[in-house]
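A single chain, nothing else alongside it, follows as structure tokens in the form predicted on its own.
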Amino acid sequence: MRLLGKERSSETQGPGRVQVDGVDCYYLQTQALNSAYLTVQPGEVIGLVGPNGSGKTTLLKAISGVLRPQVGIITLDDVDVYRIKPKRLAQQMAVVPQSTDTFFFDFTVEEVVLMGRSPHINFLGTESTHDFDVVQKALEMTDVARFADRKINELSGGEQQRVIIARALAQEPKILLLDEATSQLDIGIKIEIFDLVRRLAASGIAVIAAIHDLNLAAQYCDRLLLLKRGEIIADGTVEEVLTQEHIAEAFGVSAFVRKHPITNAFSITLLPRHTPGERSSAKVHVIPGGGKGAPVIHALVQRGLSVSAGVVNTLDTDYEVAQYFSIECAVEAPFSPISSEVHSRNLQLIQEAAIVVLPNICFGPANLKNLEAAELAADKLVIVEETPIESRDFTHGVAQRIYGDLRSNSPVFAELTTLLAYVESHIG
């Protein structure tokens, strides 16, 4: 992670390089940005994240030449942006605002995008063939060429926002600034726009985007800056910035952070505010596996119940959730069969529990001892069954035999809500 509040060392020079050095910004007497540092290279996508009022928009305004800093300097290719003439700056830097413009005239989509060429056209000049070629390319890149002749006010909000992005691209900028430009759009449109952002970055455009959605920021950004009350409290990779500790510090909420199993991008799940407090004296033990124990553990803890778990494998979601709530666990190494020592620890936790919950987990040779542990706790076992055991048995029928005997003598629940009601009624 980069050191905060200190001047950065010089990085590789390149066209479209933005440098923010020790910038303070004020609105009248109110400080909105304090000692901001940032270096952006061509082809990078930098995400600005943080709560409302944290300084994301202020930083973009300062970079775009709208809000002059009282302290510090902002350069574009080593030239102070406030020494660059506005028309010349508009040829190199484009801004997409949070909401689409309100158009009072019936401009067509093509006419709106053509407005992006104004920094390149001399006073009283006319558009050239090149200008129209650039506009056509921008229309196609944003998928709005198909309604180029329609009036802008006839389009949906998402379509209008893509037109505004096309207008920005028509400026042929080196730098693209997005000020929460997708915050009011449907998720499908958000993904389309950020897919476009990645393609633009691949072509060499530097993108600085204020982003409200942490999951989008994690999936699409190369680097993140986390702001709080005008200060950058974290600057680095997604993994370095979007930690549970940083999210709690900036937003005041609890979060569960892990890599998404499909995209490999970091996935952030906000959790109900959890304050460790007095829990029931009677304990509930959960036998987890493959992430199926996580929602059960979470629900039980939120109800104020004492919970233990085992056997869990490190790197599994069940383990991460158990760690988050600081519950006792019998823990085994990842992808390893349950050892005798860990199995004994699990049996000890089961013996201490008033109720043992067996979620809808799969069984294979590596975790069959978990089912054997449930068998030893048959007198206090409850089962959560969402799918038949036949679809979850990878032990050539051994698990089915044990599970069948347990199922015939234990309460079985299809939903978590009914399980919780049963547990609470028996524990008090």
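Residues carry their position along the shown sequence, with the first being 1. Here the structure is a predicted model, which is why all the values come from computation and not from measurement.
FYI, the form predicted together with a small molecule isn't displayed, but the following is about it.
**Q** Looking at Pro388, Pro51, Gly43, Pro365, which is the one with a non-hydrogen atom within 4.5 Å of the small molecule in the model of the complex?
**A** By the 4.5 Å heavy-atom cutoff, the listed residue in contact is Pro51.
**Q** Answer with yes or no whether Ala32 is in contact with the small molecule in the model of the complex, where contact means some heavy atom within 4.5 Å.
**A** Answer yes; at least one heavy atom of Ala32 falls within 4.5 Å of the small molecule in the model of the complex.
**Q** Is Gly55 close enough to the small molecule in the model of the complex to count, meaning some heavy atom within 4.5 Å?
**A** It does: once the small molecule is placed as it appears in the model of the complex, Gly55 has a heavy atom within 4.5 Å of it.
**Q** Which among 365 to 373, 24 to 32, 393 to 401, 378 to 386 is in contact with the small molecule in the model of the complex, heavy atoms within 4.5 angstroms?
**A** One stretch meets the cut-off, namely 24 to 32.
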